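The chain below stands alone and is given in structure tokens; this is the form predicted on its own.
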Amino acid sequence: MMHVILEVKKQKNPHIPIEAEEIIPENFVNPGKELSIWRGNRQVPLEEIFDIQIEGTASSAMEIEVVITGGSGRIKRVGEYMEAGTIRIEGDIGMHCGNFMSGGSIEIKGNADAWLGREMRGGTITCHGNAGDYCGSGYRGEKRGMRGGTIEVFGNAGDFTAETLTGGTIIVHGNVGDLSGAEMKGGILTIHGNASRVCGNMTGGTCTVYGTVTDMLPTFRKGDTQERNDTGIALTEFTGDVANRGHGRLIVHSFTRA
């Protein structure tokens, strides 16, 4: 088993963006491989941004754990195209963490910025804090968002969570922002808190909201209300979005109409 510890060095200008898509376990199988990241418009060696400590050996990415410590809240694209292994982030992380991820696991002890798990294919992302806008979504103009895997957020998530969700599972234990599940095509979205205007233009998949949906869209066909045996909460099932000839399932505890 190999442990790669990356401690963010103190930056003279911490507002310069850092893009670190090369931080994935696969790239540490060969410890002698030279890795670089972008700091603003300059491509710099990994060791210019991080103090690096490597313990143990590994023959494959599955045997590697990358641990990121220090001020990582502005570092973008960590875990992009990750296929195996583990990344553990001890604090916050910047935008686009886990882009196109297809395997392995990412654990974030703090908050995640926007586009967490963008167009994810597989694997697991766990965020113990809050997630920003577009969690599990497709990028602007992309017709399909997350397609597989699991994202679990123990705090709140922002606007457009699960936009164009096509497959996989997103679980938010807190509230979500406006228009979550918009253009949803498949997959499972579970929201334990409150939501607003969920699942507009939905055509498939299942979204369950255990809190209150405000401004519930009128283009969902109301079905039965039943009490869930496992939670004791009465849930009402809707079908829609009928404005888009959709057959998705929207299941809510309570709602107010738009």
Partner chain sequence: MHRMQMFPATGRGAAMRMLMNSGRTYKQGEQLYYKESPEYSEQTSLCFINPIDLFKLEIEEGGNVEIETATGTTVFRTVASYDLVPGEIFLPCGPYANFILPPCTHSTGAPDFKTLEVEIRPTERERVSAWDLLETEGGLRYDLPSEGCPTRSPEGDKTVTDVLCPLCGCVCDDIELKIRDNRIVSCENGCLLCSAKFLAKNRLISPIRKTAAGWKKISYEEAIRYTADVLVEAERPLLFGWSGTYGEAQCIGVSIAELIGGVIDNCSSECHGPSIMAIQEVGHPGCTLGQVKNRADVVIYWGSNPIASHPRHMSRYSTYTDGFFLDNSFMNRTVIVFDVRKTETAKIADEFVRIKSGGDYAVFSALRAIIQGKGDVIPETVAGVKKEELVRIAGIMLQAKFGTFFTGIGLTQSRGKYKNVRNAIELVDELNRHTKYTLTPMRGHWNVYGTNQTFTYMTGYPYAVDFAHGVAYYNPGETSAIDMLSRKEVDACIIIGSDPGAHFPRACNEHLATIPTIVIDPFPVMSTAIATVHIPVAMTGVDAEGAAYRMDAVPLWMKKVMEPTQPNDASVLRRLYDAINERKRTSEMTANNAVIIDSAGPVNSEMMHVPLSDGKIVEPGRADDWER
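Numbering follows the first chain given and starts at 1. Because the structure is predicted, anything quoted here is derived from the model rather than measured.
The protein also exists as the form predicted together with its partner chain; that form is not presented, and the subsequent description refers to it.
Note on the partner interface in the model of the complex: the residue among 233, 67, 44, 54 having a heavy atom within 4.5 angstroms of its partner chain is 44. In the model of the complex, its partner chain sits beyond 4.5 Å of every heavy atom of residue 5. Taking the partner from elsewhere, residue 188 is found to have every heavy atom lying beyond 4.5 Å of its partner chain in the model of the complex.
Among residues of the shown chain, residue 74 is one whose heavy atoms approach its partner chain to within 4.5 Å in the model of the complex. In the model of the complex, at least one heavy atom of residue 96 sits within 4.5 Å of a heavy atom of its partner chain. In plain terms, the part of the chain that comes close to its partner chain in the model of the complex, with a heavy atom within 4.5 Å, is 134-142 out of 83-91, 165-173, 134-142, 148-156. Taking its partner chain as positioned in the model of the complex, the residues of 170-207 that bring a heavy atom within 4.5 Å of it are, in sequence order, 178, 179, 182, 183, 196, 197, 200, 201.
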